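Given as structure tokens, the chain that follows is alone and in the form predicted on its own.
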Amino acid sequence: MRALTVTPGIAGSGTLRDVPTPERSPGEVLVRTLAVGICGTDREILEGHYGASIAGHEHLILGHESLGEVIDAPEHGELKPGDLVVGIVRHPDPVPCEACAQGEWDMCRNGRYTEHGIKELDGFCAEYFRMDPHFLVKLDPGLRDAGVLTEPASVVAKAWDHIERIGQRTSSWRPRKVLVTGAGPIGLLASLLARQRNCELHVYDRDQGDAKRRLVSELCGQYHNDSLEAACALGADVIIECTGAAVVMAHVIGNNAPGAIVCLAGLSSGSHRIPYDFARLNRDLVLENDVIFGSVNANRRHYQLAAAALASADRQWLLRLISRRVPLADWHTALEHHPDDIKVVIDFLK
């Protein structure tokens, strides 16, 4: 079968190659891949910045945003041939730590977790893959064209899960005004979940085009691209920061409502440093009972929450998040930056 592989740590080593079809294994499910989403993580692995193959293997099959169709499954299991599924990216460490033992491997404490297409597990950018059914999540059949968004949606489902848990520190709390910074796939999906909670939505992004503005407008949200300062001064009680840009983080942390919750969901490159008044930050956090926390990855429960959120969303809106679909043979074009790109997908049916 064909698979997109990379030699971790070596820039430009991505290639489409023939690899063995996964062998039958008792209790596992055989999945035919329908689509794989491309994100910044994939680009960084292809650029040689990080990534780790299975012990003893030179190559790593890339891809962690999956959508597939069950071909073969255990006879008495929940999954049946024809079911739409996505694979959960992170698996628990072998020890396991306390978090992994409870099924919360997204919160692994010793760093010995593995991740499909990233760290010591082959990814999903192959024509077929096999998995333990516990690490597959079944989707609504209506998500056949948009279900590839489940993995990024799981990231923001986790963010919202933790926001709401933190908010429960007071019995009167409920989110009212939400600011999302960054209108990429993560930011737009975070916005979708905000509107599903009936929050007043504001989205900041520097993009001057119409595509993102229109998507935010269709959520009945307000799109800001003129002034970061003005967007941050709105007094949002929930801010989800999705850019990872230092200057944006500095603004959102310093400008929010009393008792606000700021979730950092974007990952900084660490190459841009700016001066910051930490004495003021301390004063604001303490006197206003503010919270800042980071969130990454997701466990099975978050994938299920994401699947439910996508199933209840407008299908046409979801489809407009997918700006390009490219065939596997042209995988390299998925890495190109087009002006209107939001989410680019490798389509295995093309």
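Each residue number is its position in the shown sequence, starting from 1. What you see is a predicted model, and the numbers here were worked out from it, not measured in a lab.
What comes next is about the form predicted in complex with a small molecule, which does not appear here.
If you check the small molecule in the predicted bound form, you find a heavy atom from every one of 151, 155 and 296 within 4.5 Å. Scanning 309, 39, 30, 291 against the small molecule in the predicted bound form with a 4.5 Å heavy atom cut-off leaves one residue, 39.
Here is the short version: of 201, 146, 263, 118, the single residue with a heavy atom within 4.5 Å of the small molecule in the predicted bound form is 118. The small molecule in the predicted bound form comes within 4.5 Å of no heavy atom belonging to residue 180. The small molecule is not shown here, and in the predicted bound form it never comes within 4.5 Å of any heavy atom of residue 317. Residue 64 belongs to the set of residues with a heavy atom inside 4.5 Å of the small molecule in the predicted bound form. Residue contact check for residue 89: one or more of its heavy atoms lie within 4.5 Å of the small molecule in the predicted bound form.
The candidate stretches are 123-131, 236-244, 110-118, 221-229, and the one lying within 4.5 Å of the small molecule in the predicted bound form by heavy atoms is 110-118.
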